[in-house]
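Encoded as structure tokens, the following chain is the form predicted on its own, with no partner shown.
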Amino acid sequence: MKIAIPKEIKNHEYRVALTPTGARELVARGHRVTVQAGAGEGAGFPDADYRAAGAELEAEVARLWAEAELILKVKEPQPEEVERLSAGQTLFTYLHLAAEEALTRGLMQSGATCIAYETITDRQGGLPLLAPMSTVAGRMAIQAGAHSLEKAQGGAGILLPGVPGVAPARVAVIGGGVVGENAARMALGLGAEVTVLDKSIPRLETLDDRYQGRMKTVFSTADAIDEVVRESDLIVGAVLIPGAAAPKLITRAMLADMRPGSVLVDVAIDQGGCFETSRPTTHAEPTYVVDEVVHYCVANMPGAVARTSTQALTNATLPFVIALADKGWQRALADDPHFLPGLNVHQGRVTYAAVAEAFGLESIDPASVVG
């Protein structure tokens, strides 16, 4: 199969969809891997490494896309990339379509088969291709939040762990999944006072047991969120409804109850954000202030630690890429019921119900197109 690895063009996105090690695995199986010249440099993987792995290099972007059967990316295709897609091609990347109507309609118009990393499942009900980037984003959320609390960044001038004689910052994490646990773990390690909110009692029990009661666990209700809004210095939004838009848990009116200079980090921004006042930002301008509250809403947080993220992503995606390349998308998805939910758009139709519902579109059962 002809596999293309284009260079990411989203603002300050330095990741690449495949490491040279991953390319070597595919080439060894008889596939043709073509990498856009310079695609891996931002993650510390020079062209020479891909060439040594047996991949081809292509400087001409239009040719790279036009000749590909399978296109691997990290972030959702930008408008000029959507225009390059055509029927008969398969796109495999993060899509997060429930927050992107224009992108959804563009992919439908392309006629391509579009498979999303973030909606593939596993036997335990997890999201194995979202998990590595969720881990990175959760850990980065605390780094970003701690920096944003500095006075020079618009924050209240609070040091997360405090110092002897001065209380540590209060950190609330809304959502106890992969993002939330990693954010809480980082905040706890830095010495902050940490509260995790979630609607799953079993999940809260797991966190309580795993961290031996060192973080507070609270069942998430409107009253509980009201309380953490009033008391927290830093709030991390880590909620996830797979494939669907994130619920708005903190409204603009609630900002009036927050301390001036407190910080909101919205890790759910790819799915539309879980704070009413959230809007996507970039690493170039990561924060903005609304009603004296600092908002950090970078939509590609792991892109800032591109080497770590690229390695972690390839580790997770490579078995699925191999299946697509060896079998073709139809058989690969038909053979694996956990791979099948990754199909979001095919030949102009939406195949993931939550995406269709977000925009009032009709959806079809993905099983109907792979049988």
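All of these numbers come straight from a predicted model, not from anything done at the bench. For every residue, the number given is its place in the sequence shown, counted from 1.
Not on display, but discussed next: the form predicted together with a small molecule.
Participant: Using a 4.5 Å heavy atom cut-off, which stretch among 97 to 105, 227 to 235, 77 to 85, 260 to 268 contacts the small molecule in the predicted complex?
Facilitator: Comparing against the small molecule in the predicted complex, the contact stretch is 260 to 268.
Participant: Could you tell me if residue 198 has a non-hydrogen atom within 4.5 Å of the small molecule in the predicted complex?
Facilitator: It does: once the small molecule is placed as it appears in the predicted complex, residue 198 has a heavy atom within 4.5 Å of it.
Participant: With the partner left out of view, is residue 239 within 4.5 angstroms of the small molecule in the predicted complex by any non-hydrogen atom?
Facilitator: Yes, residue 239 sits close enough to the small molecule in the predicted complex that at least one of its heavy atoms falls within 4.5 Å.
Participant: Determine whether any heavy atom of residue 300 comes within 4.5 Å of a heavy atom of the small molecule in the predicted complex, and answer yes or no.
Facilitator: Residue-level check for residue 300: yes, a contact with the small molecule.
Participant: Test of understanding: in the predicted complex, would residue 177 fall inside 4.5 Å of the small molecule by heavy atoms?
Facilitator: Output for residue 177 is yes: heavy atoms within 4.5 Å of the small molecule.
Participant: Quick one: 149, 151 and 255 and the small molecule in the predicted complex, is every residue within 4.5 Å by at least one heavy atom?
Facilitator: No residue of the spot touches the small molecule in the predicted complex.
Participant: Pick from 192, 115, 133, 184: which has a non-hydrogen atom within 4.5 Å of the small molecule in the predicted complex?
Facilitator: Checking each option against the small molecule in the predicted complex, the one that comes within 4.5 Å is 133.
Participant: Let me know the one among 137, 172, 250, 72 whose heavy atoms come within 4.5 Å of the small molecule in the predicted complex, would you?
Facilitator: So the residue touching the small molecule in the predicted complex, by this definition, is 137.
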